[in-house]
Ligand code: PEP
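One chain comes next, on its own, written out as structure tokens in the form predicted on its own.
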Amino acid sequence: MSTGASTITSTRDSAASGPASTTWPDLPAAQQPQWPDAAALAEVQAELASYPPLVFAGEADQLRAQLAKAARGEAFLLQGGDCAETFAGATADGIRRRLKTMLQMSAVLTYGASLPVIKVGRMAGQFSKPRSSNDETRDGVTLPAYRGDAVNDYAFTPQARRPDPQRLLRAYHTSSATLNLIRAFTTGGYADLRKVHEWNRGFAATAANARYEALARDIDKAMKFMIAAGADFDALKSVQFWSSHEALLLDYERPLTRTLDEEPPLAGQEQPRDVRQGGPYDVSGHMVWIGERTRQLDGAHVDFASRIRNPIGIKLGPKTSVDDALALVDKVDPYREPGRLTFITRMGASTIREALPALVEGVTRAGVQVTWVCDPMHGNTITSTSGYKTRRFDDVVDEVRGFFEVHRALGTVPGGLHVELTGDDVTECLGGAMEIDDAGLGTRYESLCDPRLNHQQSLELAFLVAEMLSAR
């Protein structure tokens, strides 16, 4: 299987809000595009390095503190969004629907499990995807594989599939616009829990939405009682919503990595206590993760993750050994900082109950505390009879059940859920209350990469996970 590996040469990044400090070594980097024009890439990287941060160091620190609570069982991480964002999909309506879906899922989990929910979107940066091959062949014609809108276009033509570094600039600007809209929604009153009913507007009348509406009435009733009793709910006018993406394209991430020693702390935060808290930070997102295909211990991606101060996620598949996991801990989290490292397991429904226990037990026995998160999507991908890449909703649910069963048996903490989803009524995953079958997949299959849960399936999953959390 081709990985698209390349060697990333040493560069020194300039920093808009602090001095340059990071020199990258020459290490093999898997899943990188083959840019045809090195000079054009260098110009784009220099331009990216001059741009303002998309997020701030203090925000990443706040998220790290919240993830530490999830690791202890005092909160639950809900990380969700598109498999791969597209430039065309970054519309106000599309962003709003994804955000509404996440807010609804969060309300279900919080109310059903009496647990704070950390809301992290696969949004504002998820414009690239790893591929099984560098090339794609159709009808005897071979072209470069589509690696996400940050690299090339999905259209199957030589010009569209040519990697274009200018797309990295568009990825930055689209991420900036997405973050601006999310911040407006989450701080301007749209996410106020007293508007829990409004989040259901615009979605089709389905069983899951009806169940959500009943829950919203219960929340509304409880809040009216608390207001009558004198509670002050002004704090509910805004919510914290964090951005995340896979740190796959190092030619994008590295220019956006800054040493931020001069950045003042956010209100209420203490000054950094040691040099580790001074930077550098990847200011392209609050949290970034390293994928299963790029987590080579001696590779460029893990080295990159080890050098930045953001919360880091690492995907672990069913063949991951305890030694593998502990080596990653030593490399990425040598100081054992609470909330620093999240292990996102993607085992598959058929293997999670056999593969996960030894991994969790071995890491726990070593005295390491990470946030354990379940990705029930990537280990359950199949090809339908009609040729669509899809997942069975029942397999997704079963992997989550297995995840909770393992942690319950070991006395450890199931810290979160990582899901590919959309706020649209797509037909990409089989099953669910809508009973999408093979013949129905083509009705509205829109993903350019992996199949996503639609709005109804996402809500269904949230209700089921809330039951699992309440039974812990």
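For every residue, the number given is its place in the sequence shown, counted from 1. If you're wondering where the values come from, they're calculated on a predicted model, not measured in any experiment.
Here the subject shifts to the form predicted in complex with this ligand, a form of this protein not shown in this document.
Item to check | this ligand in the predicted bound form: contacted by all of 318, 353 and 395, heavy atom 4.5 Å | outcome: Not a single residue of the candidate spot has a heavy atom within 4.5 Å of this ligand in the predicted bound form.
Checklist entry - Is residue 258 one of the residues lying within 4.5 Å of this ligand in the predicted bound form, judged by heavy atom distances? => result No - in the predicted bound form, heavy atoms of residue 258 and this ligand never come within 4.5 Å of each other.
Item to check | Distance check, residue 291 to this ligand in the predicted bound form, heavy atom within 4.5 Å | outcome: The answer is yes: residue 291 has a heavy atom within 4.5 Å of this ligand.
Item to check | Interface membership of residue 329, this ligand in the predicted bound form, 4.5 Å heavy atom rule | outcome: Although this ligand is absent here, residue 329 would stay clear of it in the predicted bound form, with no heavy atoms inside 4.5 Å.
Checklist entry - Does residue 83 reach this ligand in the predicted bound form, with heavy atoms at most 4.5 Å apart? => result Output for residue 83 is yes: heavy atoms within 4.5 Å of this ligand.
Item to check | Among 88 to 96, 291 to 299, 211 to 219, 333 to 341, the region lying within 4.5 Å of this ligand in the predicted bound form by heavy atom distance | outcome: Going by heavy atoms within 4.5 Å, the stretch is 291 to 299.
Checklist entry - Which of 129, 167, 254, 100 has a heavy atom within 4.5 Å of this ligand in the predicted bound form? => result The option sitting close enough to the partner is 129.
Item to check | Answer option from 309, 378, 119, 161, heavy atom within 4.5 Å of this ligand in the predicted bound form | outcome: Result of the distance check: 378.
Item to check | Interface residues of 329 to 361 toward this ligand, as seen in the predicted bound form [heavy atoms, 4.5 Å] | outcome: Residue within 4.5 Å: 346, and no other.
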